[in-house]
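So this first bit is one chain, no partners, the form predicted alone, shown in structure tokens.
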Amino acid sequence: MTLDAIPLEETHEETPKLGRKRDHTRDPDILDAALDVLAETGYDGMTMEMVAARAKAGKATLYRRWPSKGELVIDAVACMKRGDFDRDHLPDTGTLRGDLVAMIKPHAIEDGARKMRIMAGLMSMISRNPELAEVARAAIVEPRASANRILLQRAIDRGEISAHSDIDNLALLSQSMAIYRVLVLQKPVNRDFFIQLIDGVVLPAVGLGRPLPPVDGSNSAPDT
């Protein structure tokens, strides 16, 4: 008998049954809850039970997906929203000051403040986990630094600032000072703070001096 003549039911091989497919639809909620707990308690005070309660998920669900708190935190930080810095649609006002000020938006400030609280919560773990330090840098620091580098390079390309400007360090300046303000001085950051930073530090650093009026024409009081 040829193979073609064998009845179909005789050639059919039953597909082996697999175990239940793990449901990952709750992962974003769990990771976001982990970030919230981390920002509130710090890594050392954080527990898997806290995250499960915040995410309204079973503790066993977390442990099946993340065997340890450290693995959960690394995944959560790595999956953080990178912010609204679309490299292809950054502000292009024609001046460096205009571009930097246009980046100051309420949601960006809120997102940045949350990231700083998360960074504060990570400090004890970062000191003993180089992998997490790199993950935190890529998720928390690099998105804004990358946007700043693009704006600074544009200013160089149009001849507004010197080609010798140290754009790599300047790109980190606003974040570094904001982190110091939040974590060390325990003070908030807001629009006034960033405008003062742009006018009083960043622009003088690239030789542009200090423009007199704020971009919106208002007299912003110093932030205390």
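Numbering starts at 1 and runs along the sequence shown. This is a predicted model, so every value here is computed, not measured.
Here the subject shifts to the form predicted in complex with a further copy of the same chain, a form of this protein not shown in this document.
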Item to complete: Let me know the one among Asp157, Glu49, Glu40, Asp29 whose heavy atoms come within 4.5 Å of a further copy of the same chain in the predicted bound form, would you?
Response: Glu40
Worksheet entry | One residue of Ala113, Leu90, Val141, Val101 in contact with a further copy of the same chain, assessed in the predicted bound form (non-hydrogen atom, 4.5 angstroms) | Val141
Discussion item. Only one of 70-78, 91-99, 105-113, 132-140 has heavy atoms within 4.5 Å of a further copy of the same chain in the predicted bound form; I'd like to know which.
Written reply: 132-140
Discussion item. Check Leu151 for me: does it contact a further copy of the same chain in the predicted bound form (non-hydrogen atoms, 4.5 angstroms)?
Written reply: no
Discussion item. Taking a further copy of the same chain as it sits in the predicted bound form, is Tyr180 near enough to touch it, meaning that at least one heavy atom pair lies within 4.5 angstroms?
Written reply: yes
Discussion item. At 4.5 Å between heavy atoms, is Ala60 in contact with a further copy of the same chain in the predicted bound form?
Written reply: no
Worksheet item: Is Asn190 close to a further copy of the same chain in the predicted bound form, meaning a heavy atom pair under 4.5 Å apart or at it?
Response: no
Fill in: Residues within stretch 160-185 having a non-hydrogen atom within 4.5 Å of a further copy of the same chain in the predicted bound form
Ser162, His164, Ser165, Asp166, Asn169, Leu170, Leu172, Leu173, Gln175, Ser176, Met177, Ile179, Tyr180, Leu183, Val184, Leu185
